[in-house]
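One chain follows as structure tokens, the form predicted alone.
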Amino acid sequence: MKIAIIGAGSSYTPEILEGLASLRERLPVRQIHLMDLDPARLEVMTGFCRRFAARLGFEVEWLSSTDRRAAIEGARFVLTQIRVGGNAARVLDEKIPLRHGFIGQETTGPGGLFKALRTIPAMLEIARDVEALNPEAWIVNYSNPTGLVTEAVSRCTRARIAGLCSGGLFPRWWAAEALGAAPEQVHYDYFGLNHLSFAYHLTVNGRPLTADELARVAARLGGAVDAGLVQKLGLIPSPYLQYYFHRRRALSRAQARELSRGEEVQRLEKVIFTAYADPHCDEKPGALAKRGGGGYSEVALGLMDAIYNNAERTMIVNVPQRGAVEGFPPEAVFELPCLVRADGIHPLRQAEVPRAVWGLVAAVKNYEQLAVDAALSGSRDTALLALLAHPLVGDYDAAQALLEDMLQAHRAYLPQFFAS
């Protein structure tokens, strides 16, 4: 089996390699093709992966190139982890909204919109290559915002795509740690969008959690969302809900920070890639743990295993909901529990969705569909309507100024908005 990794210069690539090595009996990978547009990062990553694979005793043929089509051709799975504009663009996504009085975050609010506007056209090029060269392959996508990317690719191509995020695992980990249970003993229903999701009806060994146990699980969020609010909702939210439920607090904290998270990541990646470039380094550098992305390979490898081996597994995936959630278009992508097996990814019908947050999810889904429309059309009016629809913006006058500021800042990566 051949695996292609598009955006292989990402610091996360060794996580995938380590996962493939651990599953070598179930996923008989013989060739890994690393592809990236940055030849310098690609060369560093290829050298490190060769040394790391040798340390793991993982015998595989390594190919690397800047030729995307060569990487895609013949691959069983195409892993995508691209970042259009790099972390420099992320810093703009974080800092420009702050100047206008809005949350600056790379996947949420105005920053998330502009990451989508840059990323969707590039992901569509990849998907169309997969569709033409290798239609049986699965795109395993981690490029954010993964829900919007998945919706655009599913709407515009016939390429098979799974939008992944490790956030669906967090409630299980938190409950297991808080209650001293094994992760496989923890179960829950799950509803929402990527980075706007909720776990509920939690059980451990089939037993519902008591109020005290729910409070202990809520404490694992580290204050991202107030523990008292978690108890009132009876839901375990994604930490990203802090930007909605505590927006003033989140905004003031962001405005007070000396460095944005993107600037911190830029500094951290210098340390990580210095280690990767060391010809004597053959194990993951300690700084990688500070990069975030816990569970990155666990979700991707679990999905690949389920599809390749037809090992029916329930997983949380971003997919077109196809009637699983009432009241939304079938092509609308939600982050939902799905049955994953060789014949595809099948979203499970949500018989009951939490009333307290249904409206928020619906509002953000409305924004997301407008954002996809804007990315595809290059319409400034549609992009403005997307900003206006977002619960974290919602002010027409401010949205106009913010839109123009960000369009100009990202002009090099937004040709669809400057075609004339």
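In case it trips you up, residue 1 is the first one in the sequence shown, and so on. Keep in mind that this is a model prediction, so the values were computed, not measured.
The same protein also exists as the form predicted in complex with a further copy of the same chain; that form is not shown, yet it is the one meant from here on.
- Of the residues given (129, 269, 226, 298), 226 alone sits with a heavy atom within 4.5 Å of a further copy of the same chain in the predicted bound form.
- Checked against a further copy of the same chain in the predicted bound form, the candidates 384, 27, 70, 44 yield a single residue with a heavy atom inside 4.5 Å, and that residue is 384.
- Residue contact with a further copy of the same chain in the predicted bound form: residue 369 places a heavy atom within 4.5 Å of it.
- Though the partner is left out of this view, residue 395 does reach within 4.5 Å of a further copy of the same chain in the predicted bound form, counting heavy atoms only.
- Although the partner is absent from this view, residue 358 contacts a further copy of the same chain in the predicted bound form, with a non-hydrogen atom inside 4.5 angstroms.
- Residue contact check for residue 248: one or more of its heavy atoms lie within 4.5 Å of a further copy of the same chain in the predicted bound form.
- Comment: 226-234 is the region of 113-121, 226-234, 80-88, 209-217 lying near a further copy of the same chain in the predicted bound form, near meaning a non-hydrogen atom within 4.5 Å.
- Residues of 313-349 that come within 4.5 Å of a further copy of the same chain in the predicted bound form, judged by any heavy atom, are 314, 322, 323, 324, 327, 328, 339, 341, 342, 343, 347, 348, 349 in sequence order.
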